[in-house]
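Okay, so here's just one chain, in structure tokens, the form predicted alone.
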Amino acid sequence: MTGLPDLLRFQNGEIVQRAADWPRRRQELLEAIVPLEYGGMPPAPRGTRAETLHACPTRHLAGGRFITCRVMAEYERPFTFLLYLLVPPGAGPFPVILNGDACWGYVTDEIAAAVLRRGNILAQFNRVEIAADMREAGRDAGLYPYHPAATYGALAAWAWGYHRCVDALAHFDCVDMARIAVVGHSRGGKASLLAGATDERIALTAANDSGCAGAGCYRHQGPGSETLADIVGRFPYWFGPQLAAYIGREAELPFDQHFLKAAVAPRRLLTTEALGDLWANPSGTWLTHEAARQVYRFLGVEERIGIWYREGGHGHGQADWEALLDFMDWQFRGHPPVLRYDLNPFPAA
């Protein structure tokens, strides 16, 4: 499709014939994209502990509970960061939406109330506790000193943070570990997509306006969209050291971002996009969606992949969250979908 590398052909040229062959092809996709683009993934710790620091009723969200938790990744010396849970009333277990974008500011009360009202836990952490989001910060702080010889960039470190939060969530009886969704916006959406692609415990992966190196496309650049040269020039520390060599040679990349999307299959995947967010390449995002959807169709689970567009620009607002909550209700609870998740706004693309 449109010159994108074939998802259903093994590296040796053989066609993927059966659904039982997909795990092997999925591993090939990850081996192609994760080391080159993201510099690999941080090694997992020996274990992860979760320490509850505080729990109390929420005053502004009636009936809910607020829990502060310390996540402790067990290396020779523990690496720690904070995880915050808003839990709806009742015994559960409840599905979880795990959001790593606390660095943008926590979600609004209206969004939090909507998450709880639907019977979900809202879990949030600040991904920049894992790795700073500043070029001048270097690799002397955060997670990097724990793996001094590693080449992973910040996106992989942030995805590792999602994985450790999943570890920690297993310590809470109120959590339904079979119904965990991850979400992020913009660069956080790039991280959530990588996290979902590389951890099969995540049942639903969602990325909002994630664009270049997220849900976008290197081979198809829509008008005004961010290029590989743009993103590596401004944020080289997000990536592995080899990616810059492909600036101006994008067609030679052994992958495009449909590899990352397809690696989520057969689990659930939603991308939410804004038509006015040209920098995030909404038309290229449609092409990678269509390519990944071929895999979901091949596996007989086409209903598990969705894309949703709205008018407007770059942001992660109420409408985007409601689209995710509707998709979760459909996927996790079997409720008929309220929205259409497969409408093509680019019929000529």
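Each residue number is its position in the shown sequence, starting from 1. Because the structure is predicted, anything quoted here is derived from the model rather than measured.
Below: the form predicted in complex with ligand GCU, not depicted.
Across the proposed site, Trp104, Lys190 and Glu226 without exception bring a heavy atom within 4.5 Å of ligand GCU in the predicted bound form. Picking from 229-237, 92-100, 117-125, 257-265 the stretch near ligand GCU in the predicted bound form, with a 4.5 Å limit on heavy atoms, gives 229-237. Contact annotation: of the candidates Tyr84, Tyr246, Trp279, Phe172, the single residue with a non-hydrogen atom within 4.5 angstroms of ligand GCU in the predicted bound form is Trp279.
Contact with ligand GCU in the predicted bound form, judged by any heavy atom within 4.5 Å, is made by just one of Arg310, Arg70, Arg65, His314: His314. Although the partner is absent from this view, Thr198 stays clear of ligand GCU in the predicted bound form, with no non-hydrogen atom inside 4.5 angstroms. Heavy atoms closer than or equal to 4.5 Å to ligand GCU in the predicted bound form belong, across 127-142, to no residue whatsoever.
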